[in-house]
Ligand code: DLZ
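Below, in structure tokens: the form predicted alone, a single chain.
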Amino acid sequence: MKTLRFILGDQLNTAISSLQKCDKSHDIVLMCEVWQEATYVKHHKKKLALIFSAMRHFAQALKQQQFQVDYITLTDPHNSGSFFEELKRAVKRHKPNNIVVTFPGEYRVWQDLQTWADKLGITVEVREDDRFLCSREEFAKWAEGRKQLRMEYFYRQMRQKHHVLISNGKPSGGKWNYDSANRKPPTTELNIPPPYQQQADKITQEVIKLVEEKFSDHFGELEPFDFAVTREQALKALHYFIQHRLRYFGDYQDAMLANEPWMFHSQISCYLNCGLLVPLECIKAAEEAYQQKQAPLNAVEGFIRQILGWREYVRGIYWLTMPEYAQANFLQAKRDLPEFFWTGDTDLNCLRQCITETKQNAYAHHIQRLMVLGNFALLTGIDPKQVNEWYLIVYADAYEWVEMPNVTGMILFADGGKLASKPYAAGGAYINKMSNYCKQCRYKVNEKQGEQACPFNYLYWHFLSKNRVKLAKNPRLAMMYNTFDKMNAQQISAINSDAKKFLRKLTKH
């Protein structure tokens, strides 16, 4: 009995379900770099380098553990360029009795995978991806019958199920959520530790060269490349965060500073999402830091909530609602994505900072993604499909299961409130409070109207006015609509005039 065990590029962990009970003397582990996956969107160069290098290092680690690995590189002259065709070739080479694969992370791959058994004439066993702490079935059961699928209640259930930050059956510290303690604005006096960096070895250097040669027209800067690419390195990155950054993460997780892309964030999302780390070990490491009094509760709870709460929740939303979710456009946003999202060439300093750092690092932290880049896309009515594609391209941690609910639901409110309780729209005051970006901008954040006014200010009110029919009944927006209704006709006219003028220029660019 010989089994072909197919490992995808985001399943790089020996604990993956498709490797369980592997007979190393007979079974074959198949891994392949395929053109189709590298180009279905034009992924950031660093994202491609990370995935290819991590895959090659993982294959090497499997061989050292005596697994029989069949690894197909992108430049293999016989590489067919797609998962199915490579499976087809592998079946001819190895003549296995069956194929085993772990459930994929993206709907399009799942659609393709369901055809493999019939096309190949061989049994394909699809195993649950048990790296996640909530199965798709468990999430669907939790969601059944609920009018609102709010993350907070799901998160509390996950805390109880996995006994995380629980004391005597109650949440540690007496509260489930310390988000209100995690909104300190930044100061330039903050002593921010340098990020974890890993020097590129020979394998990574070869991959960097490959990406530069084959994907030169893709977005982003390739070097310097200092990502972790092995499990051992990813564990070092996790421990570095726990030791040097976690204690301040809570206070300043929403803060932004020019030329400080990492702040106190962990930088481990890309390692979690490709499999080099698993969620529970990250959660337990943070919980232990709290128990050892190395980090305060607001920081530890905030970090754990992102993994045990938000990450598991958005995956649940994705699989519960696909494929319809991909078409969601509740606010009927139709504007094209501005060209400066690729270049950073804009007078709005907050956008320039975030786009430039994204281009350099394939990274931006969640407030940059939500309240600067996403907020702008929401206020200006950019087409959700174009925004989704941009986020999927530019971030090293972006896979559709995690990217789409964040963009469609949290950022754009395109799902009409399935995920978020309100649109996360804001004027310039929020960005000014949580960053120093406005100090170096040509626009004046305190001005509400005219050529010098921060565009976020009038775009915010224009957004509320334009979408009033669909949003006015939202109780979390009642105060803002009351404020809008107190404006005089001259103020409203100026808002509309400034917004339309700005949007006309935006469309031209």
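Residue numbers here begin at 1 and follow the sequence given. Quick caveat: nothing in here was measured; it's all calculated off a predicted structure.
The form predicted in complex with the named molecule is left out here; the points below concern that form.
Chemist: Pick from 459-467, 28-36, 473-481, 62-70: which stretch has a heavy atom within 4.5 Å of the named molecule in the predicted bound form?
Modeler: Every other range fails; the passing one is 28-36.
Chemist: May I ask you to check whether Val109 falls inside a 4.5 Å heavy atom distance of the named molecule in the predicted bound form?
Modeler: Taking the distances in the predicted bound form, the answer for Val109 is yes, it comes within 4.5 Å of the named molecule.
Chemist: Should His43 be classed as touching the named molecule in the predicted bound form when contacts are defined as heavy atoms within 4.5 Å?
Modeler: His43: contacts the named molecule in the predicted bound form.
Chemist: Answer with yes or no whether Leu4 is in contact with the named molecule in the predicted bound form, where contact means some heavy atom within 4.5 Å.
Modeler: Contact with the named molecule, no.
Chemist: With heavy atoms only and a cut-off of 4.5 Å, decide whether Tyr325 touches the named molecule in the predicted bound form.
Modeler: Result no; Tyr325 lies far from the named molecule in the predicted bound form.
Chemist: Only one of Phe330, Phe219, Tyr399, Phe341 has a non-hydrogen atom within 4.5 angstroms of the named molecule in the predicted bound form; which is it?
Modeler: Among Phe330, Phe219, Tyr399, Phe341, a heavy atom within 4.5 Å of the named molecule in the predicted bound form occurs only for Tyr399.
Chemist: Going through 35-56 from first to last, which residues have a non-hydrogen atom within 4.5 Å of the named molecule in the predicted bound form?
Modeler: Stretch hits, in order: Glu37, Ala38, Tyr40, His43, Lys47, Leu48, Ile51, Phe52, Met55.
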